[in-house]
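This document opens with one chain alone, in structure tokens, the form predicted alone.
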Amino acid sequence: MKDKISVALIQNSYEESVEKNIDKNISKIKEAQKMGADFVSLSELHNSLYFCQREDTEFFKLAEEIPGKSTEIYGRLSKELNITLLVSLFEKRARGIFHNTALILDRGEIAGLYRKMHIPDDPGFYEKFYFTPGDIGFEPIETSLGTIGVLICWDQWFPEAARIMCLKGAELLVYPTAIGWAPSDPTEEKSRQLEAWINIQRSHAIANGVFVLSVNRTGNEKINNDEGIDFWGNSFICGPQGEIVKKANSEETITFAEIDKERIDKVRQIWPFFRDRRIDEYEDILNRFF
């Protein structure tokens, strides 16, 4: 495993045609590999529109098994390009059991998968209708590039998830995401939401001394109403002190950077948060509320 690796985040907009979305993803992945990327990540549920804006059993037709069609397509591409690739799928695990699942394809092989643990249920984000919460825990995935902790969208607001992944050895936290605002939201509210989203993830990098890669989709998607959701993009890469290494705007783009994992050791030596944790006094965290 090498310490210096090049990473790329694919920030795309999507349409109703799954086939066109897959073709678009493939094109961008190839472009990222030509830029020199060792690791490439797509955003959350990238094969389709973000269908969770509405509760509709028709959308269960988008679900697929793992391994299945998408793992075959993207796995073949990962092997052909000799890259490590993160994909996000609507997984059909069994009849009536579906997950929001991300997996890492390492040079064509499935290195591991993660099933989204925190499932939102908010206006425009009705995920509890579709997804069973993950049941394989917070387990980082070993790859040829190092140990990667995969978490998905709503998971990014919970420091416990990031902490557990890092205590188990994750060197990178990767958050495939589908997040945005209602176009009618006030400008001030949009600004608060975006800043909070960036800052909470930067805090995970700081608290755990790791790199964080957050990859969002972009563009307006209409499923259930006239305005739909404006996905705000702003994919970013930050270092173990929360420093922004590279950040996108709201346009379609590839966010590319080289990162040096040696910085993890250097930062943890001067900020030894893991050393100073009072694990003998944290039992209260297991309570829902007091």
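Remember, it's a predicted structure, so these values are computed and weren't measured experimentally. Residue numbers run from 1 along the displayed sequence.
Omitted here: the form predicted together with a further copy of the same chain. The next part is about that form.
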Fill in the blank from the handout: Of the candidate stretches 141 to 149, 71 to 79, 89 to 97, 167 to 175, the one with residues having heavy atoms within 4.5 Å of a further copy of the same chain in the model of the complex is 167 to 175
Practice task
Consider G137 of the chain shown here, and say whether it contacts a further copy of the same chain in the model of the complex, taking contact as heavy atoms within 4.5 Å.
Solution key: yes
Problem - is_contact(D121, a further copy of the same chain) in the model of the complex, heavy atom dist at most 4.5 Å - result: yes
Exercise for the section: Flag E19 as yes or no: does it have a non-hydrogen atom within 4.5 angstroms of any non-hydrogen atom of a further copy of the same chain in the model of the complex? Expected result: no
Problem - Exercise: L113 in contact with a further copy of the same chain in the model of the complex, heavy atom 4.5 Å - result: no
Practice task
State yes only if every one of H46, V245 and D260 has a non-hydrogen atom within 4.5 Å of a further copy of the same chain in the model of the complex; otherwise state no.
Solution key: no
Fill in the blank from the handout: Contacts from 272 to 290 to a further copy of the same chain in the model of the complex (any heavy atom within 4.5 Å), listed N to C, are P272, F273, F274, R275, D276, R277, R278, I279, E281, Y282, E283, D284, I285, L286, N287, R288, F289, F290
